[in-house]
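In the block that follows, a single chain appears as structure tokens, in the form predicted alone.
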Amino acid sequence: MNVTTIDPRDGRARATDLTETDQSGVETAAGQASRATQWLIDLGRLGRAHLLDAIATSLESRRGDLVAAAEAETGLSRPRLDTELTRAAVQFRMFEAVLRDGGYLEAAIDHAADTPLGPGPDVRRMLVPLGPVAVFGASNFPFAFSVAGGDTASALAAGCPTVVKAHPSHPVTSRVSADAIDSAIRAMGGPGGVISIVYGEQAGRWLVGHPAIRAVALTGSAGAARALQSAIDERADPVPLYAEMGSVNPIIVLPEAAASRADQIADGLFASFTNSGGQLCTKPGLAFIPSDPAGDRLVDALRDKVATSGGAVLLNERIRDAYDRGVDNLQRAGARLAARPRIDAGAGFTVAATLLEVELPGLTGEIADECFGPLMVVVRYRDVAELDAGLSIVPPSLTGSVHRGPGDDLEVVRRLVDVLAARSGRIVFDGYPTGVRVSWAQHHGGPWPSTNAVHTSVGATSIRRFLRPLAWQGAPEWILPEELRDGYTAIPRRVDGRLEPGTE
């Protein structure tokens, strides 16, 4: 079956020269990935570091073609896509630094020695690649969470070939991205299968079930995660699924914060829930704002911004329809309309930003549910003591945010942070959760239903998903990886219980 692409700005479908991948095509992709594993391993840390830098350069060299393809398939703005492509390149180069550092290997050596339990053998341990990884990209990030995204970058850094299932919202962008990555691999003498791509929903199911695949990474919905997990459970040897799903990302505005900077917070909230059409996994869906004069000023400013905003183009028809249903469902559940501009939706997938409002006693699980798109629910509270019970209704999320003022009680702040820490993976102070920094310290994950694992999908430690521990006991030195040989000092290692820093 031929693959089509749709421009969400006008709703028009266009033919492509792509076809859905049949079962033999999936077999070929998975088989090539399996055979390419040794080439990646043989490159070693430093060879793979060089490869990742080359991939970043290749992506940047094709910036014009990549951004143009993505703009036509996603309706996202050219400046946003240009920034996102830069982010994709930054991710590859960050993992280059991770590889050169070497600490990610968690190398440890316990020399043979007498112990309280008797003679202890020589044991050496480090992390090694899992093997080929299946990546399911996101609709809302055609670069940074798709073919050229962090899952691919971290998998290749770990030494794992990657087979990407192209998202149907941007198949051409996926193909062009894969070509850019493969070009860098070929220039280094790499074989086919280090990166490959398949198209079609059925191809994705076949891919997950293929015995060569050793892990699956998804950025998508809970429904997609359940479908992939179901397919994994049918395998003779189930493999891990690392799924990043939906998130409400509550923001608490404390009374003194509202009193001291209502207009500034209104600006930040509006930008955070409407930028990119509100189609971000870290979009704040709930904002707890005090029911006092300062809170009223903040909400009035927010209403004005929403009422005068233009339309937002959503990524595809399914997301547009789900957004419209979500707005209706939230109002039926008791949230009242606070602001929504009149727009001309046209023939594409354009919607109006929506601000809803509810008093904290009326907050229910239905109102606290995520609505993907440019919508936020303002929850008005009369006393900070009410917030603990209110937050218990909110599903665990990727993030939780607190805005403080100079006179807010520090014990209240500490209590709320403790509540958020138990229910989120990142706590934001006096800021907004959108804009996830690519860095060593970043954690982009959270309790179910935001993710299904304790790992992050952004940042240096996301490489840990595609590695497994392996120990060598009594091994001759010649068979050990160089990172575990005596006298090797280039990376941090724990030797006989003492941490030794690397020298590079």
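One rule holds for the numbers: they count along the sequence shown, beginning at 1. Everything numeric in this text was worked out from a predicted model, so none of it was measured.
The next section is about a form of this same protein that is not shown, the form predicted together with another copy of the chain.
Enquirer: Heavy atom within 4.5 Å of another copy of the chain in the predicted bound form: which of 62, 50, 35, 464?
Expert: Only one listed residue qualifies here, and that residue is 464.
Enquirer: In the predicted bound form, which of the listed residues (345, 427, 72, 333) lies with a heavy atom within 4.5 Å of another copy of the chain?
Expert: Flagged contact: 427.
Enquirer: How about residue 492: is it within 4.5 Å of another copy of the chain in the predicted bound form, going by heavy atoms?
Expert: Heavy-atom contact with another copy of the chain at 4.5 Å: present for residue 492.
Enquirer: Answer for residue 442 alone: is it within 4.5 Å of another copy of the chain in the predicted bound form, judged on heavy atom distances?
Expert: Flag for residue 442 set to yes.
Enquirer: For residue 382, is any heavy atom within 4.5 Å of another copy of the chain in the predicted bound form, or not?
Expert: Because no heavy atom of residue 382 falls inside 4.5 Å of another copy of the chain in the predicted bound form, the answer is no.
Enquirer: Wondering, does residue 455 line up within 4.5 Å of another copy of the chain in the predicted bound form on heavy atoms?
Expert: Yes, residue 455 is a contact residue.
Enquirer: Counting only heavy atoms and a 4.5 Å cutoff, which of 251-259, 232-240, 322-330, 133-141 contacts another copy of the chain in the predicted bound form?
Expert: Only one stretch passes the 4.5 Å heavy-atom test: 232-240.
Enquirer: Heavy atom within 4.5 Å of another copy of the chain in the predicted bound form: which residues of 87-107 qualify?
Expert: Those in contact are 87, 90, 101, 103, 106.
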